[in-house]
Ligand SMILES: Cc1cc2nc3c(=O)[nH]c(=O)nc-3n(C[C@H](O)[C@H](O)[C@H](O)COP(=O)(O)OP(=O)(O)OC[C@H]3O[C@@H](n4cnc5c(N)ncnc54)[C@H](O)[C@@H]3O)c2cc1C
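Quick heads-up: it's one chain on its own, the form predicted on its own, in structure tokens.
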């Protein structure tokens, strides 16, 4: 049974005979997926086949071949896993000329005679727009199920939260009601007759920017995500509390890409971490990041409609930054100079090279990276836009609430408090290279990135 607080009804159409469609989007996995489980329950109740549909947009917030390749290789595995359960899989390739994913989904549902449509939850503007377009056209009931957050975003809080300290009690109060193991998806009685996806052709025909190459260090897919989780718990979790902020220690989980694409369930991660034998201090530190901080980012995007713009930062931060917008900078760089790691700061350049080469930046260095973009940009607005552009273009986990909140925290004081006032930064929290040197071996980090 799915808690009704996870489910939103997006239209008023009446149920009818016909296959149940799960419009998979943010949660690209089979098991530990509330949305698919709900769709499976609907199909059983209606005695209808179940079809998973993925609408492949020709562009998505600046994503490049790097992100598309990782996603499509994961979906290739998803098709196989669903096939083992007699659940159909359809990939719809969409284009602006055809009206986009929402309209394409509605057309497919109509042609298939769908009796019910289920989708997963995302607070992002583009996803909500697609759903509104689909809801206006669908002649079958349309449900949205939050399968991404442990505590559903809209149930956790009805407003934009000021900080983790205001959000944490709300999450903790509800956590026990939602952090529960989920039954496995069982096979359907009979598989619908559908042609397999020609993945080679789909990947070959992508018309996205191919200048950003795929990564090879991280294998995509649900099975690889579970293996990665098991290795983290076995080999790294015990030292997480002490070592997570050391970029040379290889102590972080590296799960963010899997969580971003929904190839791994945050709930599954939390349950396995809780049941591990790691020290309580390390488990608590990791779960704070996984649950409170991560779901706080969804809260930000759900209730701050300008989450991806400089105007979305808190009022106190905006006022302070504008007060210091014309302060002299020690250096000013263009977006291209930032992109090509051509600053005077070897540490910053190393962080940018990590992003370019691997599709990630260590979490501690990502804060330093963003704050120095603020320090060396002509204005705070340009800094915000440059950081967001680079993160969305190169990071595997870009175009995500965590990324938007991270940039807004580093540059715009989101979920933070005013600090001591200083030039350029105003009252935004400051970071510098000497602070990094006190925490870890800076030269070792730089050398590692220069040899990639």
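Everything numeric here is computed off the predicted structure, so don't read it as measured data. Positions refer to the first chain, counted from 1.
Keep in mind the form predicted in complex with this ligand is missing from the figure; the text below concerns it.
- The listed set 67, 402, 33, 386 contains one residue whose heavy atoms approach this ligand in the model of the complex to within 4.5 Å, identified as 402.
- For the options 370, 105, 145, 321, the one in contact with this ligand in the model of the complex, meaning a heavy atom within 4.5 Å, is 370.
- At the 4.5 Å threshold, heavy atoms of residue 283 stay clear of this ligand in the model of the complex, well away from it.
- This ligand in the model of the complex comes within 4.5 Å of no heavy atom belonging to residue 416.
- This ligand in the model of the complex is approached by residue 289, whose closest heavy atom lies within 4.5 angstroms of it.
- The shortest heavy atom separation between residue 122 and this ligand in the model of the complex exceeds 4.5 Å.
- By the 4.5 Å heavy atom rule, the three marked residues 240, 256 and 407 all count as contacting this ligand in the model of the complex.
- Residues within 4.5 angstroms of this ligand in the model of the complex, judged by any non-hydrogen atom, belong to 292-300 and to none of the other stretches in 130-138, 196-204, 323-331, 292-300.
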